[in-house]
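The chain that follows stands alone, in the form predicted alone, written as structure tokens.
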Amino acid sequence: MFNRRSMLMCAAVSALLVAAPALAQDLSKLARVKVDLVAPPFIHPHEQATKAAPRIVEFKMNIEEKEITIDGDGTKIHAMTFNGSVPGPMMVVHENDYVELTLVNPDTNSMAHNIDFHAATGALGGGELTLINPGEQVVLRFKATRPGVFVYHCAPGGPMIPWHVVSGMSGAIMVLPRDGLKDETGKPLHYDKAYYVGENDFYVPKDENGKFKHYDSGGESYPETVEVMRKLIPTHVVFNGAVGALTGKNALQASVGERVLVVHSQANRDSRPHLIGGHGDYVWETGKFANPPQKDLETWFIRGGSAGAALYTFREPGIYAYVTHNLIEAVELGGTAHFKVDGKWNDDLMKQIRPPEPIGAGDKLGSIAPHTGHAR
């Protein structure tokens, strides 16, 4: 129960919240633009640099509780999602723009949800101001004062926070400097394509025979799912919602000579992205564009609850595996994506001098013409 002191404190906080708009800048003359979000790994069209004045960028996201399949064996979970995708869609604005989000919790859902922007300042990243029950919506506006890539996630309070996050309810926002990305000397950096890779850890209970269990609802799954979560050992570590979601026909496309920006987020655990056969030409490991990028990294580190960005120019064609370089998680639990790169092979960078042959065969057969290799 509230005591007198608590009631006075609550009253003081309420008074501050009521008074806050008086301290805000007059935004009535700012331009407004509505942005239609797209499902990852894709990112809505945007300018990399702008000379325009700060503006109000309007987004709308629907919260969707839905059953999804997370591996090739047909394992299903009751996911919680922003806009129906795991991860939620990426938003892009420029430094000092205002983000204005309409968050909708349809009455077909069963739980309360909210959103915590790591890019925002105050009120638990907006989480305190956006908690909505099924059948409600809320509009939040915040000023994007810090350039970089940041996680957002649901944080409805208490034990619901980790459960909602590991059930798929996270995404990312990119706040670009108004004059665009720069290298360590201040020279402009541009990208030809940008992709968003959202990493998620799932915790699916098993039955007495070691088979993943299926539940009729998220609420039914909760007690046993929490038991698995507390052991801190995920059953799946995946990119974009499922094992193989970014491989095969869904592989990320690029061409030799294209400079590609990859934004990678992990709302819950540490990750170690690595591009097999490539590198991070420029990497904002902490995701903060105000800091100069690191150069020529083989593997970079994404801290749990954060996002990072890497820029790479592809130099050879072929299939490149993009993995979390805990290779157990990459190979056994699903943390692998593919880039499919077209273009002309460059023998100067790599070529196979002799194909596989019996040991000593070369000494007997003499010279064999060099053979062009293939990117992994």
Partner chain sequence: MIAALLHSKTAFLKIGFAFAVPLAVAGTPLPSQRASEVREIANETVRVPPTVFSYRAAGEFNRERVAVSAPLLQLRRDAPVVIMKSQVTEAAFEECVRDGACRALARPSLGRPDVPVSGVSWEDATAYARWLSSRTGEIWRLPTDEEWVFAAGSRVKDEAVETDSDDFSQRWLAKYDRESARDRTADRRTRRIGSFGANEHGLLDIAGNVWEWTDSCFVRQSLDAADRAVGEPTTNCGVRVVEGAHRTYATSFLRDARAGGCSVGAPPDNLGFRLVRDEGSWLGRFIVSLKRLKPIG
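Numbering follows the first chain given and starts at 1. This is a predicted model, so every value here is computed, not measured.
Not pictured, yet referred to below: the form predicted in complex with the partner chain.
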None of D73, D107, D296, D216 but one has a heavy atom within 4.5 Å of the partner chain in the predicted bound form; the exception is D73
Position in contact with the partner chain when the complex is considered in the predicted bound form, options N268, N96, S221, T247, heavy atoms within 4.5 Å: T247
Sort through 43-51, 325-333, 306-314, 60-68 and report the only stretch with a non-hydrogen atom within 4.5 Å of the partner chain in the predicted bound form. 325-333
Is there a heavy atom of G186 lying 4.5 Å or less from a heavy atom of the partner chain in the predicted bound form? no
Residue-level contact is defined here as any heavy atom of the residue lying within 4.5 Å of the partner chain in the predicted bound form; does K344 satisfy this criterion? yes
Is there a heavy atom of I319 lying 4.5 Å or less from a heavy atom of the partner chain in the predicted bound form? yes
4.5 angstroms heavy atom contact with the partner chain in the predicted bound form for G210: yes
